[in-house]
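Have a look below at one chain only, the form predicted on its own, in structure tokens format.
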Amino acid sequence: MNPSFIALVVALPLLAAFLLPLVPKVLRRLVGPLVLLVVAALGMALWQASLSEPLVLAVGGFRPPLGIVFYVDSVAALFVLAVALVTLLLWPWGGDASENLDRKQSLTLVLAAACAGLTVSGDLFNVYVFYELAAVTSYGLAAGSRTAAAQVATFRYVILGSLGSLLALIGITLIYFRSGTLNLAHLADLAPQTLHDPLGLAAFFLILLGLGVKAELFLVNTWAPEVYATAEARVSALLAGLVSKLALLVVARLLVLVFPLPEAREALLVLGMLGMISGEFAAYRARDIKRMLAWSSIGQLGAAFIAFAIPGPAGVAAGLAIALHHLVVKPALFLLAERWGGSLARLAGAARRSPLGAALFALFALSLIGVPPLPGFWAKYLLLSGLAAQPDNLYLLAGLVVLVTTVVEAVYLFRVVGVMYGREAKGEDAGLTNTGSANTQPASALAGSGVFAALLLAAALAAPLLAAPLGRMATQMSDGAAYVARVLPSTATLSGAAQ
């Protein structure tokens, strides 16, 4: 496949976002979905081509490490496909005034372009540019409901996001100061001599905290519950289900290529454990379904950080399995919560009023807990088996944390399912459970969740067939030497010139 097609996965949605207001109103609502379908087709073609050999595009013809480099291995191509499909499933079709709808559709396309750029970028400069672009568009989407609560929550999100961007920029500056390059392949080649020291580790921790804002990392994730509780359901689904995974993917790339050090892995492991503990116990205490889902998302992303802290392909395979599972389940749950917002008490008897919605919620809950043969079971199995194979006691402690928090997760999710299938409230609470849209599921929410459920069940049925491709993708992503050899034409010459 021609590597030039890689640029289209970024350029097409970005161009469509700016041209959308100029399109006739009759066709305007179709432009975004058609562009996303084209990007999805490109992502599928890139994935099939990159399974055998990664693709590299030097934009403008500049020889790496100069210029802009796009790198697509099978993992990057898979996430390009995921960006297009998930954005399409969560596309804002209507329900707003024309001007507001145009704004939301344009911002959604820009977000898709930024996410695709994060996935394929081969240097830290472009990672930072696309990260900032994703941040700015996510601020606009989070405030899109135009309620006072959403605006206050978004303001706090902007403050914390700006701090994260500053930390990431300082970390990137330190790396450039020490190495003289931001190309990931060049950094991988030079890192043992220039970055594997206390200053280099400090730069990694700064980038980790900076990108961790979007990845809902412990210490910098306090924005998530308020934003997810006040934003529109599709926006919460996009941020929790999609954007967080791409920030996590960038961290995993840095860990594999530039900082494959025990200290970096231990930092990821500890922060992941703290994220799981804080997220799952906060979700247990939550009495609002959207906040419960937000804290639950923090806990599950903590598990993904733990997985990527495991050395070698086993850690990458476990991290990919958890991230892809969360990519399917969490957006679906936020869609189901669109008309179930507010107190969990409002869910009493919801299964009678929306049997399909309650059944879908129960299915996703079972997969999150890890009930076989659903994909959540296999993701946790890969995580626990990878942790158990490590000789360090810290990894065994992480395994214990995963088991304990899984029990906590099961308790609060089964509690919600029990409320749904229980009796309707009487007395004062009856007015809450019997009024209007609070307990009915719109067709769009059920349709979107139904598609995610079909993907989940298909993955469960095809689990034995998916093991081999997942293993190949994990091996390919964890091979830093192959990454360097593919991007740089002459590693030895570049290393000698830099020194």
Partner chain sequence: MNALDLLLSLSALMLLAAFLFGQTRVYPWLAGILFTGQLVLLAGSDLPMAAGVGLEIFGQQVGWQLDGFGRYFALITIGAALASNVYMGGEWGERYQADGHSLRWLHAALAGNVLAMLLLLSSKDLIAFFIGWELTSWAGFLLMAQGGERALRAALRYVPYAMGGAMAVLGGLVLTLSWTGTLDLLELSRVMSTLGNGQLALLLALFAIGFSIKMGLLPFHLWQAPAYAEAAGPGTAFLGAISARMGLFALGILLVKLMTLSRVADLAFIDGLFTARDLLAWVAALTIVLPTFTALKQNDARYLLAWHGIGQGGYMLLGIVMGDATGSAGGLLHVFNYATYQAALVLAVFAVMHRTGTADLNSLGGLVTRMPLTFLVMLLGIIGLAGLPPMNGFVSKWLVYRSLMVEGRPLLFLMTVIGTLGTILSVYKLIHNTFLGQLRAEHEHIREAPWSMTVPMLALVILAFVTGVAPGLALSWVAEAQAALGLPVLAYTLGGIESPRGSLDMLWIVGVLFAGFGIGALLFYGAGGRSKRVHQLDNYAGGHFLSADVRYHYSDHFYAGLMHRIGPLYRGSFTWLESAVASATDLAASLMQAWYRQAVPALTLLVAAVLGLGWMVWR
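Remember, it's a predicted structure, so these values are computed and weren't measured experimentally. Residue numbers count along the first chain shown, from 1.
Omitted here: the form predicted in complex with the partner chain. The next part is about that form.
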Open item on the list: The chain here is shown without the partner chain. Which stretch in 306-314, 185-193, 80-88, 217-225 comes within 4.5 angstroms of it in the predicted complex, by heavy atom distance?
Closed with: 217-225
TODO: Examine I298 and determine whether its closest non-hydrogen atom to the partner chain in the predicted complex is within 4.5 angstroms.
DONE: yes
Open item on the list: So, R156 and the partner chain: in the predicted complex, are they within 4.5 Å at any heavy atom pair?
Closed with: yes
Task: is_contact(L470, the partner chain) in the predicted complex, heavy atom dist at most 4.5 Å - done: yes
Task: in the predicted complex, P372 touching the partner chain (heavy atom, 4.5 Å) - done: yes
Open item on the list: Can you confirm whether G164, G418 and G422, the three residues that make up this candidate site, all sit within 4.5 Å of the partner chain in the predicted complex, judged by heavy atoms?
Closed with: yes
Task: Single option in L327, A267, L257, V120 placed near the partner chain in the predicted complex, where near means a heavy atom within 4.5 Å - done: A267
- [ ] Could you tell me which one of Y395, W378, Y128, F364 places a heavy atom within 4.5 Å of the partner chain in the predicted complex?
- [x] W378
- [ ] Would you give me the residues of 395-412 that have any heavy atom within 4.5 Å of the partner chain in the predicted complex, in order from first to last?
- [x] L396, L403, T406, V407, A410, V411
